[in-house]
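Heads up, the chain below is alone and in the form predicted on its own; it's given as structure tokens.
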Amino acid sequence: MLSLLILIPLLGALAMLLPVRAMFRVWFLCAVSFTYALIVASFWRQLPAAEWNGYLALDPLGLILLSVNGLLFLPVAVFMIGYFQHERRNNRIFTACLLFLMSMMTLVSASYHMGLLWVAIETTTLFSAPLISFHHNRGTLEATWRYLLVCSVGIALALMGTFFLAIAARDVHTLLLPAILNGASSLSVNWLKLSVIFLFVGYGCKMGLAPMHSWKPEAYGQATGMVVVLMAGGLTQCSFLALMRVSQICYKTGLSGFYASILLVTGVLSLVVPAVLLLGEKSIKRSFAYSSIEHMGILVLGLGLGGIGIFGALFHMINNSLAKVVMFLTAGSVAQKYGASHASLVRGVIHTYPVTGVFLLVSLFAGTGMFPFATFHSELLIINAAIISKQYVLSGLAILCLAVIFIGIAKVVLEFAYGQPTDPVLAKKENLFMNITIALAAMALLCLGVWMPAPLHRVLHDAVTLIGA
């Protein structure tokens, strides 16, 4: 089943290259995404067996990321139905890269070999880069090259970390995760520490953690909202899975304290940096990009705090993906209607497009973790973990940064939503497919904020146990 799940989008991507109509490709993408989501949903009843001599296996950690993929690609595909009713640009390469990306993100979720995991994450970089430059203007090309440059350096550092891990595990003779965990006592501690540093910095570049975040505001500010949803909600969390795999190894070798100190420092920095930079921002996409840096910081904070913090981080993975659907699809909808995403060019959205205007306000509260959205509860779990572990300064600083970030994003969103209405450059009516996608994601985030299904709680608990908390 895992091989099939990787193969279906791969074959679909090749089919996208055929000379067919643009809307046929969009509907075909919807069909593939729906099939993908159904297969992933079946894994919640019973995990599939390991394949390819254990190189492919799905545990609760991988299942969470795989579910995030399904939560992202299906709404993006439905949103594209409305988007490409007005977009005349050829979507052949765009849709093909989307399906290649789906296949590689699935491979990341199922990789049980640290070398294969690196290959899968590197491949996601190659297939996501063309998506950023979809509009082929100067801004998108510059953003693409910056993304490739920073992430390629990060991936190179992660490769060095993988090599150092292989040296540390020379007595194990393999980089299969179960073998490394079982032979943890024979690992070289010094080489492993070096490996952890390189792996963290390398995959941290792909996550966009501060101070390796420079590509995020540019890439998210220039790419279409659909692409940013997949990058902010999915690609970054692929790298977070790699960091969780490193955490599993550190727990078995007694290096949890060493690794936690790195996670906590970087997590705090990833909250402080967007809090400072957001205050002068005027672009809604760039504002949401800084919010994404914040969310990545929250994830590594939860992982570093351990215990209930890890549970909160895993829950936040799902909440973050849904929040990104609401935030960036709304921003993309506004950008398509007005041909801009800067506050000086867009005003009074709620008067001209009432539904989109309401979604702007919803994205503000959902993206900044306000009650009763599920992002509030996952962030509260992580702050609670800091208080339980007597990290009072850390918890206070985190709350302060979250408050400042809310103010910064609220300033931009309210400028967009209210004020003297700006005439849209591209006058369009509200689109049903675009609106219903955002509405369903917001409703899902709201439902998770008031009720956690028992299967989800069980999988989250099993995943926390794997990491060693």
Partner chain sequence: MTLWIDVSCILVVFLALSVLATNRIVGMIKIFAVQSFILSFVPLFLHADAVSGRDITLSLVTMVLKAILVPAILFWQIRHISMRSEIKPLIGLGTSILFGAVLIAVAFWVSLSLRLPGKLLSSLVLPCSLATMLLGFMTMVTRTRAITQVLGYMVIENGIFLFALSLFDAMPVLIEMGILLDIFVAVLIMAIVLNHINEEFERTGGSAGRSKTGETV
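Positions refer to the first chain, counted from 1. Keep in mind that this is a model prediction, so the values were computed, not measured.
Another form exists, predicted together with its partner chain; not displayed. Remarks below refer to it.
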Quiz prompt | residue 142: touches its partner chain in the predicted complex, heavy atom cutoff 4.5 angstroms | solution = yes
Self-check item: Any non-hydrogen atom of residue 393 within 4.5 angstroms of its partner chain in the predicted complex
Solution: no
Quiz item: Is residue 286 a contact residue for its partner chain in the predicted complex, using a 4.5 Å heavy atom cut-off?
Solution: yes
Quiz item: Counting only non-hydrogen atoms and a 4.5 angstroms cut-off, does residue 197 reach its partner chain in the predicted complex?
Solution: no
Practice problem: Could you tell me which stretch in 123-131, 327-335, 378-386, 232-240 has residues with non-hydrogen atoms within 4.5 Å of its partner chain in the predicted complex? | Solution: 123-131
Exercise. State the residue from 370, 276, 159, 358 whose non-hydrogen atoms include one within 4.5 Å of its partner chain in the predicted complex.
Key: 159
Exercise. Sort through 348, 115, 178, 307 and report the residue having a heavy atom within 4.5 Å of its partner chain in the predicted complex.
Key: 115
Quiz item: Judged by heavy atom distances of 4.5 Å or less, which residues of 151-183 approach its partner chain in the predicted complex?
Solution: 152, 153, 156, 157, 159, 160, 162, 163, 164, 166, 167, 170, 173, 174, 175
